[in-house]
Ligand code: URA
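This document opens with one chain alone, in structure tokens, the form predicted alone.
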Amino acid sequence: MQIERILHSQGFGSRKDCRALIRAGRLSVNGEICDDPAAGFDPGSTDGTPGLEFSLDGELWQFRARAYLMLHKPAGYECSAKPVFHPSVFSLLPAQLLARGVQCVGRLDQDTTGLLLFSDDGQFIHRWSSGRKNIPKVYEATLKHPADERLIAQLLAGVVLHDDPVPVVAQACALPAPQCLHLTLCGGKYHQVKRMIAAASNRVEALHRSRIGGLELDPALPPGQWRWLEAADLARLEGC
């Protein structure tokens, strides 16, 4: 594949833009400057695995046919490309990924922190954001009032939300501390964690999502930072 096509596919601008930056000597491939836009290279990837390695203005990149990312979402960001009251989570990603059309896989409230996935793969987005797929997600809630086993019993038995007569049941619950609740849900209702805990006569003061499926938020990833999902991460995601 021509190197200008490779750069274009990775979000580095239009074909014309990519030709210009290559001719300007800003691109290195496998450690050597490449100034020929028509030079051919094997991208080396047909999915989300890393392929051809190249450097643009000294920054190292690898070709990926599909983009799969995790972000450690901080509080105070909206999961929208057109935010209303707070900055967008998309402002935490590089322009190249935005140009590729990556989207949030599901959403988190602006005051909720933790694991947020992104992709430009429509099937992946649909599968992992659909509330009908019963994908377990683990949330860590800081409670306003100290709780005991009675709260766990309520959530495991099911609580009724004001807009749905069918009880909503937690898949798993744990209380590592009286005001720290770990809750596993398989649904996707609006504000579900906060509403379930409110229905059980308590209140969420802070909320953090730590796991989706079998994939946990990378503990080495600081708030506001992102990284690629590698093959092992995608395998863990499937291992619910």
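Residue numbers here begin at 1 and follow the sequence given. All values reported here derive from a predicted model rather than from experimental measurement.
The same protein also has a form predicted together with the named molecule, omitted here; what follows describes it.
Heavy atoms within 4.5 Å of the named molecule in the model of the complex belong, among the stretches 108 to 116, 145 to 153, 95 to 103, 166 to 174, to residues of 108 to 116. Put simply, Gln192 is close to the named molecule in the model of the complex: some heavy atom of it is within 4.5 Å. Residue contact with the named molecule in the model of the complex: Ala67 places no heavy atom within 4.5 Å of it. Taking the partner from elsewhere, Leu215 is found to have every heavy atom lying beyond 4.5 Å of the named molecule in the model of the complex. The named molecule is not drawn, but in the model of the complex it has a heavy atom within 4.5 Å of Tyr139. The single residue of 204 to 219 lying near the named molecule in the model of the complex is Leu207, the criterion being any heavy atom within 4.5 Å.
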